[in-house]
Ligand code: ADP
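Next up: just one chain, as structure tokens, the form predicted on its own.
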Amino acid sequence: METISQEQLTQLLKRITGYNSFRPGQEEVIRSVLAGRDTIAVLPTGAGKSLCYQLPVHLTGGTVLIVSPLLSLMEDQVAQLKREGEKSVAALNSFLTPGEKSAVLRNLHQYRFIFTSPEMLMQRHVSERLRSLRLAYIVADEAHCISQWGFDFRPDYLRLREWLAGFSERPPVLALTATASDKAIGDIENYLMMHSPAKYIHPPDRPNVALQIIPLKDREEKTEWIRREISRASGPGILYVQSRKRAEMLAGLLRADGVPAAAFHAGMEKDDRMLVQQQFLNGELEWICATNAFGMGINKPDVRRIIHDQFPPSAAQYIQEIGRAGRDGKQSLATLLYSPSDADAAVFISLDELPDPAAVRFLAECMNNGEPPEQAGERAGLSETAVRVAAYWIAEEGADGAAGRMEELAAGKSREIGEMIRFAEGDGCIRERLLNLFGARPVGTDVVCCSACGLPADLLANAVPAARNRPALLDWQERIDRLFGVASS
């Protein structure tokens, strides 16, 4: 399309968002999209990546398809657009009933923004309906998931390449993420079939988020520290843990201490997850005790604290999770609790779902003999996820290639965990150590930096918030019963 003047773009920004100027990186990405170029944008968490796909369509017309990794992220983005007055938006995901899904598919042409998942795209009738639209451009949100998740437990991310190849004239593709290594950028470019994409790579530093590492002896000492610290410190905050059981246990202890807290993990019913997320966004909950199911896209601007009960298995995941803090630009704090046993736990959890080479070869032999992968996987003791991953790679690369792929993935995960161990146990500035893992340097020097450089004793010294004096929260069923005057059983 014809070149848009600075004045026209600024006026559009003002009309759509109310802001008078772009944040760093936004305008360049938007102009690239308007020029019809494939684009990769790596912008820090909180830098306003969503605007990069929300604004251009008002000039190009047509529909934007956003491929998103998490149901909670989709629902949050849809809700946010609707709050801002955008009515022509829909999500195609497993939250929909069959009737709701049919209604959305019938009316796809009426929507300006359509959110969906890689798995939904692989359903033929969905794929065909989406290809029939006038798509202005396609967005891969949190695009690092192609490299981080596609290879080991969500192979439908890698099938995006096949889906994009089905277009006679493919629309431009915009890939957005907060963290991406050189390898991840290469994977994004390859599996999204990008043609000489424009690349806008910004360092992942968040100067307003101070960093802290606290060495503790064991899990019991961590539990004591968490209860003591959160009881006397205000939130809002997110406490990241590695297991569902730990999330439930710590949330219960915090509630017993008078802190409005709840667990959030993939084992919860979807209605309960959505309720907890909404309570947190509304300020009814002060703390969330979460697994990495709460890791991306939760756009609550005033999260002041992030605490990691154990370090994540990669620097990219760590950056994503601490990026939930301080999205309003105000001072925040990310604390990593570290004990010597954390490395073993990280290795076990990270490698647990990966099928070993012998199991892959056994699965391939069974599949060659006509046995369904699910049945063969059950005999091999593989999880549903492991079967799905192994079957994908067997189809792509054969038994030996798939077995070798699993060995490569395991070695790569072990390397990333090794990086995190060295980061946690290292000396010197924590911010510099973390950014070094991305080949970056701190973007500013006049900041409250980290516990190695020294943190002021009164950092985030706020009064305990009013939420602690509120009545206990009701779950969704109790809320419905009270609304309709149904007596509790």
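Heads up: residue numbers just count along the shown sequence, starting at 1. None of the values given here were measured: they were computed from a predicted structure.
There is also a form predicted together with adenosine-5'-diphosphate (ADP); it is not shown, and the following applies to it.
Put simply, of 70, 40, 450, 47 only one has a heavy atom within 4.5 Å of adenosine-5'-diphosphate (ADP) in the model of the complex, and it is 47. Under a 4.5 angstroms non-hydrogen atom cutoff, adenosine-5'-diphosphate (ADP) in the model of the complex has residue 26 among its neighbouring residues.
Taking the partner from the other structure, adenosine-5'-diphosphate (ADP) in the model of the complex has a heavy atom within 4.5 Å of a heavy atom of residue 327. With a 4.5 Å cutoff on heavy atoms, residue 331 does not count as touching adenosine-5'-diphosphate (ADP) in the model of the complex; it lies far away. Interface membership of residue 21, defined by any non-hydrogen atom within 4.5 Å of adenosine-5'-diphosphate (ADP) in the model of the complex, is confirmed. Annotated contact segment (heavy atom within 4.5 Å of adenosine-5'-diphosphate (ADP) in the model of the complex): 48-56, selected among 440-448, 31-39, 418-426, 48-56. Contacts between 247-285 and adenosine-5'-diphosphate (ADP), taken as any heavy atom within 4.5 Å in the model of the complex, involve no residue at all.
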